[in-house]
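Quick setup: one chain, the form predicted on its own, written in structure tokens, and binding and motion questions come after.
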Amino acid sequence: MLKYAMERILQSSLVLLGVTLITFILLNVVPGDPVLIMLDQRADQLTIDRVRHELGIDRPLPTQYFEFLKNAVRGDLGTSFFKKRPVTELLSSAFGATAKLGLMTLAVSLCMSIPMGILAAVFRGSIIDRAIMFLAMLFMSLPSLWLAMVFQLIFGVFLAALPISGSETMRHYILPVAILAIGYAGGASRLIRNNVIDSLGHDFVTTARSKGVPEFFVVMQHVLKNAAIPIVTLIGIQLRSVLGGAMIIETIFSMHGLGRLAIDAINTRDMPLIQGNVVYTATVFVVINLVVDLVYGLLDPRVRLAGGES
């Protein structure tokens, strides 16, 4: 298991290094000068050159990249061009809202999708199965942008029951969490249903039933255990997605999270903030993927063997 874990950690480190390099190259080849945006294109060339020198973007690109990499290893992602604050500080302050939104969304989504998937699998082909799969397809088909506006009109304007902007209290998270959870629950319930149906066809299920084990315990103790890897994958996908920042939802609901911070950075071409946001998002994805891989190895020894462990 230790060798398997070290291999995954090395691969994850190489992925992060590649992400930083690709991000740096793309930011420096796309059109647009952040200095001209900052100065509103009205400054003289002398002022523009002075600001470029102060920001350090007049140096050779390899020098800028290695300087960024050296500082990033120490946890210093630079200073925002426009907000004049350390990028790490901006990301840390925005992370609270995004993490709260993401973890609540994941919990609600799993509470919806796991029972839906299990019920649809156990009663497959019945009216219950068809009704659940219809709801799942409906949830997947609803655009989050349209659903957010509808929820804001109904619960925020007409009923005046819930706030439609901000992230100060738990009530501010109800609508965003509901919208995100509905979208995730649709696809998740279909995945869980398919894997539970596959597990129900195995011999160990027939053996358990022949021994008189109640159907509830057959599903909960035997079937779910063997369908655990796809469910772990599902949790990992959803968690890295929501922790990366739900840009559309955070913007619509004026939540001060990472998604909205990324949108603001892109609009102003704030290069240090964009780089820091991408590095953070990539780190979240890589760490969660690493944890999922390690959990795979714990759940199924065949995964460790396939990864090269003797």
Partner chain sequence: MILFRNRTKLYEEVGMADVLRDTGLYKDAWRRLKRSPAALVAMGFIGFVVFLAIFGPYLTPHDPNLGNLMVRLKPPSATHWFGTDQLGRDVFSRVIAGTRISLFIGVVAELIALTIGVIMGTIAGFFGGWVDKLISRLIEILSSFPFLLFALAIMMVLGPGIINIFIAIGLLSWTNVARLIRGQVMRLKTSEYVMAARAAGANELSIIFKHLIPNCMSTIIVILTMDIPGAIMTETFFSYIGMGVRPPHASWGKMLSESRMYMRTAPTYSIFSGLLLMLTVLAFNTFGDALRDALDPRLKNK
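For clarity, a rigid core is taken as the largest C-alpha set superposing within 1.5 Å between two forms. All values reported here derive from a predicted model rather than from experimental measurement. Residue numbers count along the first chain shown, from 1.
There is also a form predicted together with its partner chain; it is not shown, and the following applies to it.
Partner contact region in the model of the complex: 203-211, out of 203-211, 106-114, 75-83, 92-100, criterion any non-hydrogen atom within 4.5 Å of its partner chain.
This chain appears without its partner; in the model of the complex, the one residue of L239, I197, L119, I174 with a heavy atom within 4.5 Å of its partner chain is I197. Interface residue among M170, A161, A131, M149, judged by heavy atoms within 4.5 Å of its partner chain in the model of the complex: M149. Using a 4.5 angstroms limit between non-hydrogen atoms, I22 touches its partner chain in the model of the complex. Using a 4.5 angstroms threshold between heavy atoms, G166 stays clear of its partner chain in the model of the complex. Interface membership of F285, defined by any non-hydrogen atom within 4.5 Å of its partner chain in the model of the complex, is confirmed.
At the 4.5 Å threshold, heavy atoms of S126 stay clear of its partner chain in the model of the complex, well away from it. Of all the residues from 249-284, those having a non-hydrogen atom no more than 4.5 Å from its partner chain in the model of the complex are T251, I252, A262, I263, I266, N267, R269, M271, I274, N277, V278, T281, A282. Comparing the forms between the shown form and the other one, the C-alpha position of K84 differs by less than 2 angstroms, with the core used for superposition. Relative to the superposed rigid core, the position of the CA of R74 differs between the shown form and the other one by less than 2 Å.
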